[in-house]
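Just one chain follows, in the form predicted alone, and it is written as structure tokens.
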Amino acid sequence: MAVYKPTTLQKGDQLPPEVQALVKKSARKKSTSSRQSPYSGLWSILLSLISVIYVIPIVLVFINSFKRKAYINKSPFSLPNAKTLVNPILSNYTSGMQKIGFTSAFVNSIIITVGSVFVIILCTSMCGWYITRVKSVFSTCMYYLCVFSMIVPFQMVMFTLAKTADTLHLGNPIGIIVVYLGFGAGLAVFMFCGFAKSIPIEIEEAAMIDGCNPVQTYFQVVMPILKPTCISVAILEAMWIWNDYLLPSLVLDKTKYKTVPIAIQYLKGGYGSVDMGAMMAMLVLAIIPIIIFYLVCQKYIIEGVVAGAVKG
């Protein structure tokens, strides 16, 4: 049996032809991978400008929240100075919170958003897994009904919805969660079905062989795998529910319960007068929670995309 003995190259010796070919091929790949498109710099500049355009409205709202009411309309794009700055500096925030009852509205929005997102994820993930694994006429019809619900305009059903919600006494923060479940199920089921198809069924079969029933298989095996999709659905649904104005205004009893978007509208006075300083301050407070939630969860979305790209 021949034994390979590595040879030591001396200075001036030439590499074998096979090694030289491999070195040239590796260098060629490296130069090709490091070569950038001639338009990459242009695309970077263009996308940076688009990002700035999207951020400008948020920056303007934040800047104007520290100005006096009279100067917001006169010079909305200028930075606050000694003349335009309110005194004390947080007076717009304190006055706005007192006028609209921001604390109670904030609590109502938290209850509605967290409860709705939790119920949507729990119910629609089960539904998506069931539709993917159980092939029947009923599951197929259920899937297409969920997809169809995404294209139905809200204006077609809002009057019937308001009457039904009033009849069933859903005009409270707990009752409206059921309404949000119905409207948020379409997109969520569609996303969960798409991801559940990529889960190897052998994993679930192995869990059942080990003695897991369907409920245990779902919560202990399927649910952890669906985590990236759960977070993606949570972000989309939370942004929609937190910022929603029309549905709570139709369903909720506004004399008892107000969400943040509804409460902010009460800063409008008679004859079209608006306390712009307080409104800008309340808009900042309304934006901050959803931005924090997105920044905390975005890394999980990226991990989910990477995991899905190498899933095989």
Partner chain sequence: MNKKVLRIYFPLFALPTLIAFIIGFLVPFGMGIYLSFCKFTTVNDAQWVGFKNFQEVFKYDSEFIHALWYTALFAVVSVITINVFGFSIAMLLTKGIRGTNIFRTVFFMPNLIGGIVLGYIWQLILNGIISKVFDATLTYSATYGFWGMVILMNWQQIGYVMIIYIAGIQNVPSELLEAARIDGATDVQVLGKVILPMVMPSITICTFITLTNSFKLFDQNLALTNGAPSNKSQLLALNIYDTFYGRAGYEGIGQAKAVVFFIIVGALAVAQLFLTHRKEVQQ
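Definition used throughout: the rigid core is the maximal C-alpha set that superposes within 1.5 Å between two forms. Because the structure is a prediction, the values reported are computed rather than measured. Positions refer to the first chain, counted from 1.
The form predicted in complex with the partner chain exists for this protein as well; it is not shown, and the discussion that follows is about that form.
K.L.:
Even though the partner isn't displayed, in the predicted complex is Met223 close enough to the partner chain, meaning a heavy atom within 4.5 Å?
P.N.:
Met223 lies outside the contact set for the partner chain.
K.L.:
Does Arg133 reach the partner chain in the predicted complex if we count a contact as any heavy atom within 4.5 Å?
P.N.:
It does: once the partner chain is placed as it appears in the predicted complex, Arg133 has a heavy atom within 4.5 Å of it.
K.L.:
Is Gln155 close enough to touch the partner chain in the predicted complex, meaning at least one heavy atom pair within 4.5 Å?
P.N.:
Taking the distances in the predicted complex, the answer for Gln155 is yes, it comes within 4.5 Å of the partner chain.
K.L.:
Is Val189 near the partner chain? Define near as a heavy atom within 4.5 Å, in the predicted complex.
P.N.:
Within the cut-off, so yes.
K.L.:
Which of these residues, Met239, Val107, Leu85, Val114, gets a heavy atom within 4.5 Å of the partner chain in the predicted complex?
P.N.:
Only one option qualifies, and that one is Met239.
K.L.:
Which residue among Ile72, Ala196, Ile100, Ala234 has a heavy atom within 4.5 angstroms of the partner chain in the predicted complex?
P.N.:
Checking each option against the partner chain in the predicted complex, the one that comes within 4.5 Å is Ile72.
K.L.:
Is any part of 67 to 100 within 4.5 angstroms of the partner chain in the predicted complex by a non-hydrogen atom, and which residues would that be?
P.N.:
Stretch hits, in order: Ile72, Pro76, Phe77.
K.L.:
So, does Asn73 move by 2 Å or more at the CA between this form and the one not shown, with the core held fixed?
P.N.:
Asn73: C-alpha displaced by 2 Å or more between this form and the one not shown.
K.L.:
For Ala281, state whether the C-alpha moves by 2 Å or more between this form and the one not shown after rigid core superposition.
P.N.:
After core superposition, the C-alpha of Ala281 moves 2 Å or more between this form and the one not shown.
K.L.:
So with the core overlaid, does the Cα of Asn64 end up 2 Å or more away between this form and the one not shown?
P.N.:
Asn64 C-alpha, core-superposed: shift of 2 Å or more.
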